[in-house]
Structures are given as structure tokens and as C-alpha cells.
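Let's start with one chain on its own, the form predicted alone, as C-alpha cells.
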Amino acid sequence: MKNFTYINAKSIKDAVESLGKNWNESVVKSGGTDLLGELKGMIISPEKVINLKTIPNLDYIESTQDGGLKIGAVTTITKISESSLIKTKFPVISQAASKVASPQLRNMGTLGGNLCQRPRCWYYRENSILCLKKGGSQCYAFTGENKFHCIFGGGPCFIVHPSDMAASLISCDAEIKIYGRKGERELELNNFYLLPRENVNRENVLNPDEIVVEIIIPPPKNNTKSIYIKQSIRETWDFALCSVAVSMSMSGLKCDDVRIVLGGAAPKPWRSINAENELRGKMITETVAESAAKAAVNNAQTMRDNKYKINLFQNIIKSAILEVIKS
């Protein structure tokens, strides 16, 4: 890899002031499980790497006064998966965390890093290929090997977002706190992510001089049940072929409100409004669950090698809905 200056940030302000005005100048590192791969593969060659783990008080899981949660950006995935507080109040988040990569990577990887990780597309990760996302003229996946690529939101690039944590957190209506040179801002996590047609070079709204500092999760609605189901080629150390996070508030078997978010489906975590509309206000039966699963893939646009995702998504969405009402 190219030599770079390594900076141990002492505070959030210190980290932000060390960042440059463009993405080629500097990057931040937390666990480094994704960043080191990009550096070694010469996908990126920044002048500076700013270490966030030396900033005190960014590793925490705390209850809020209203019954929600706050999680610091450098909190490890292992800590999230093992938290009794999260298991009790937000099982979908705990389950998603337990399915991230391998135990060793969960011990190192952090929440902020997981939410901001770059695509796993093999064309993007191959440094000899100048794909559209790296400044080239085309997305090679569109006519090439695309069995792991998106069925929603594609064009002109057809990646899928790799984060398990993002789908689970969006299903809980989480917000993200960002700090930069212009100060602090908060937004819905669902609005943090971008489609390629909005910005083909980046996957989220972060500016080069901003960092993620916290995730805020509102208190769950009454009688909320949730689940995360992930299908991958290998049980560990692998990214989702298809995944689904379901959070449903219920009165008996009646769905009062619901969030359904898909992973491995689109260039960003994909909230399925169609599936939610099939459930909201209805008594949940196997027939209703199947209708919701079919509605979720109504507008899918498959490519040559990823048509299997239609049936796989239908199956895991239906299973997740039925598992929720059993829990």
C-alpha cells in the first residue's frame, strides 16, 4: 500500500480538523476491518488515516430517558450482539449483529464502520478494473457476473449495500448523528444512504470532513416484536445474498404498524413499503404473510444471474413475518 500519515485523534473535534476537503486526502479508521482491505488492494490511497478508537467516550450503549437507546460509533459489533439491553428491547438489532462476519471480525469491527463500509462488488474491489464507481465509464456487473448484485434501485451502478446492521436499525426507525466542520447534524438512518443515481461515487451523505459519532434508537412502540433473517452462502464470514429485518407492533395477531427492510437487495438498505402496506391494519395469517412477501418483490428488476433472489426474498420475508407472530 501507499505510505500515509497515521493520526491518533484525541477528540471528535480533533478528528474532524485532521480530515481533508476531498476523499482522496484522508479517511477515518475505527476497527479497520474494511478499510485495511481497501488500502492493501490499492482501491484507495489516502494521504492521512485518522484513528477514531483513541477518542474517549465513543464506545457505549446507553438507555435514554424516553426508553430508547444511544450507541456510540466505535462500539464493537460483539458488544452490541451480547448486550442484554439490546436483546430485550430490540432483538432484531442483536440478531443482525450476531450474524455479521466472523467472531474475530465482530470483535474488531465497530457500528460506525459497519454502517459506512464500502461495496463488496468484485469489480469495485479489483484494483485493475476502473469501474463506474471508481471513475470509469461503465458498471461491468450489468453485463458481467451479477449473481450477487441488486434487484432494486440499480443504475447506473448495481451494487448491494453490505451492512447487516443498517437494515436492522432502519427497521427500528434509528437516527444517525454526524459531526463535521460545520457542526453537528442528525437525520433518519434511512435518509443517510444514497442510490447510485444520486451519487455514483459514494453510498451515503457524509462529506469528506464529517464522521459518524452516534446512533439513536427511539423507544419501541407497544407490543413490538422483531426479527432478522439472513441467507448467505456460508454461515459465517459472509455477506447476505438476501436478508430481511422486520419490526412489527401488534394488538394480538393484528399488525398496528410495521417496518420491513431488505439487505442484499439494493445499493442501499431497502425499505419495502409495498410489503408493509400489505400487513398494516390486518390480522396476520399465512395468506397475508405470503401476500406481503409477493408485494415486496413486485417491482424487482433482475439481471442475468440474480433471478434466484426473487424466490429467496419471498421465502425469508414470509418466514420472518410468521416467526414474529409466534414470538
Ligand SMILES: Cc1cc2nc3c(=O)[nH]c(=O)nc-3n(C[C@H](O)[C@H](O)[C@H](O)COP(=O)(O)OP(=O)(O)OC[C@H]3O[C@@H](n4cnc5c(N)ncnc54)[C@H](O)[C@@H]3O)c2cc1C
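The shown structure was predicted, so the numbers you read here are calculated from the model rather than taken from an experiment. Residue numbers here begin at 1 and follow the sequence given.
Quick note: we don't show the form predicted together with the ligand, though the next part is all about it.
Just to be sure I understand the contacts: of 239, 152, 193, 148, which is the one whose heavy atoms reach within 4.5 angstroms of the ligand in the predicted complex?
Result of the distance check: 239.
Which residue, 229, 174, 86, 116, has a heavy atom that falls within 4.5 Å of the ligand in the predicted complex?
It is 116.
Check for me whether the ligand, as it appears in the predicted complex, comes within 4.5 angstroms of all of 247, 316 and 323 - heavy atoms only.
Judged in the predicted complex, none of 247, 316 and 323 sits within 4.5 Å of the ligand.
In the predicted complex, does residue 211 have a heavy atom within 4.5 Å of the ligand?
Yes, residue 211 lies within 4.5 Å of the ligand in the predicted complex.
Looking at the partner-bound form in the predicted complex, is residue 276 within 4.5 Å of the ligand by any heavy atom?
Residue 276 lies outside the contact set for the ligand.
So in the predicted complex, does any heavy atom of residue 162 sit within 4.5 Å of the ligand?
Heavy-atom contact with the ligand at 4.5 Å: present for residue 162.
Would residue 243 count as a contact of the ligand in the predicted complex, using a 4.5 angstroms cut-off between non-hydrogen atoms?
Outside the cut-off, so no.
Could you tell me which stretch in 217 to 225, 182 to 190, 203 to 211, 250 to 258 has residues with non-hydrogen atoms within 4.5 Å of the ligand in the predicted complex?
Selected range: 203 to 211.
Taking the ligand in the predicted complex, which residues of 28 to 65 have any heavy atom within 4.5 Å of it?
Residues within 4.5 Å: 28, 29, 30, 31, 32, 33, 34, 35, 52.
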